[in-house]
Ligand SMILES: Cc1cc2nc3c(=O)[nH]c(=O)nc-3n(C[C@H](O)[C@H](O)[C@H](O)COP(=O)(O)O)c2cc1C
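Single chain ahead, by itself, as structure tokens, in the form predicted on its own.
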């Protein structure tokens, strides 16, 4: 089958998921590419409709073994018509648990046909200079793997007469999804309403962190002020600060960073399902 347009959707506060999705697209090497970056709140106000003549690639990070709730909410507004889809999750070298099967279930429910999927590794959002976890990932090897995966996806689809003839994939995971009671960003969860970001005097009020926050939790008029009820602990403001004025305070999130550093040092490799 030949598809008319390649549509890339990603939620990527720290930029790692974006890299992987773009590398997969490079491997597919299609002339017509549409990018839908749903990281910013205003972008999530726009709905997406796809057809059987499109190929949809959706990439999201993994938070506590699940896909981010706000990304899932947007995806549940998708309108598709037997659209071939590739689900991609990016996790911080711990585990992706049920995130990939959850993503595939949402896509299928919205009218997509999940024809491939993958789990890649990105630097953990809680990684610090003293407690690095998956530092520098995705690295060159990961990105080459992503491009090769994209090439294989394209070849698989080209060999199929039509979308309906491409078999749907089965992905690892458990239903009902685990960690339901501590799914990120519901009240009562361990990271809900946590004041964990320290801001030093080095802050220049440049506004980079406010501009990059996916939920508008950083006050654009004073970037030292953070709405802890909106914050989803993605650490984009820490990673994006050009003068390194934001860091993780001692507390729950720092404790999690220490556990990850101690327990998740062994390199994990991408997993692809074709």
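Only a predicted model underlies this, so the values are computations on that prediction, with no experimental measurement involved. Numbering follows the first chain given and starts at 1.
Omitted from view is the form predicted together with the named molecule, to which the following refers.
With a 4.5 Å cutoff on heavy atoms, residue 14 counts as touching the named molecule in the predicted bound form. Although the partner is absent here, residue 169 sits far enough away that none of its heavy atoms falls within 4.5 Å of the named molecule in the predicted bound form. For residue 122, a non-hydrogen atom is located within 4.5 Å of the named molecule in the predicted bound form, even though that partner is not displayed.
Proximity of residue 126 to the named molecule in the predicted bound form falls within the 4.5 Å heavy atom cutoff. Heavy atoms within 4.5 Å of the named molecule in the predicted bound form are found in one stretch of 45-53, 204-212, 23-31, 230-238, which is 230-238. For the candidate set 245, 248, 38, 64, a heavy atom within 4.5 Å of the named molecule in the predicted bound form is found for exactly one residue, namely 64. Along 84-108, a non-hydrogen atom within 4.5 Å of the named molecule in the predicted bound form is carried by 90, 91, 92, 93, 94, 95, in order along the sequence.
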